[in-house]
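Single chain ahead, by itself, as structure tokens, in the form predicted on its own.
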Amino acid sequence: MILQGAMAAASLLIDADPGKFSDDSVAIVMCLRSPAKVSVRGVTIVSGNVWAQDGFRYVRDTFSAVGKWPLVHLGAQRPLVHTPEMSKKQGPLEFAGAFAEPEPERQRETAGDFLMNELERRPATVLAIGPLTNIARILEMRPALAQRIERLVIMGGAVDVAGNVTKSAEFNFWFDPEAARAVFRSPVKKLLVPLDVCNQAVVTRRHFDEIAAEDTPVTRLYRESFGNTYPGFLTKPDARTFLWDELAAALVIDPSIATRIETRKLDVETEFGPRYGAVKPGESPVDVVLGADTGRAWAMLRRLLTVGR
């Protein structure tokens, strides 16, 4: 299965959980700098990598570096069911995201109304690169909106490979399994970019140096974050990471980067236990990206991050 070119000129809404210039931030920069391919109508923030209140602040730093200011709205500050207390019962975790930090004071959420109004006004592609809490909420409140989403591109899940937060679950789905299940069971047209394909897109110190060698507001943020925090290329030259949200963004900008897509019938495990948040067989058809031209994806990322303002 190959994606049709209709997605290549996307009217785009982005739902993200950006840390301090994380993979979400890079994905957002890529979309903002591809005006011929996508038109970003707004960004909504969800808790995941960090609490949504912190992500809201971080994404504004990214906008400032790019010199573009799309509409941004604060969304779900907590998962539907999952809590920090529950996460502590799951044993040692590779990464607990926002759950590892104290929860800040809750603020007024506007993302749900924004997403519903925008989709009612005009159909859009939705790039979901964080937990699916915001998307699950709007589909529950207004199920007919599933027909207004031209395609929901989801970075999340581990289909035939191990998870990256527990042995079974990928982080975005683990953080809010109930939301992921609700979205999977909805009639929205879904394209899943799981760990299966992201694991093929390895980022090494050589890749990092290609970005860090340039001096722009964006590359300075990239150098500081990827060099000194995760994965720490400046202090750990043998470190590596992967294209996660960045690969999903690349597929929105250029669908032909996907080289292998299979339609699977899937669901998400919501019984609390070792497999909480795992992808499992189900009844809902999901188009799953299992192969991609990762070299082209990286070349796109490098080009879009290193251009000046």
Ligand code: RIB
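Throughout, we count residues from 1 along the sequence that is shown. All figures in this text were calculated on a predicted structure; none of them were measured in a lab.
What follows is about the form predicted together with the ligand, which we do not show.
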Contact residue in the predicted complex, from Asn164, Gln90, Thr219, Gln200 (heavy atom within 4.5 Å of the ligand): Asn164
Report the residue, out of Ile211, Val153, Leu195, Leu139, that has at least one non-hydrogen atom within 4.5 angstroms of the ligand in the predicted complex. Leu195
Would Leu127 count as touching the ligand in the predicted complex under a 4.5 Å heavy atom rule? no
Asn49, heavy atom within 4.5 angstroms of the ligand in the predicted complex: yes
Could you tell me if Thr133 has a non-hydrogen atom within 4.5 Å of the ligand in the predicted complex? no
Just checking whether Phe171 would be counted as a contact of the ligand in the predicted complex - the rule being heavy atoms within 4.5 angstroms. yes
Per contact check vs the ligand in the predicted complex (non-hydrogen atom within 4.5 angstroms), the hit among 273-281, 34-42, 62-70, 244-252 is 244-252
Is any part of 27-48 within 4.5 angstroms of the ligand in the predicted complex by a non-hydrogen atom, and which residues would that be? none
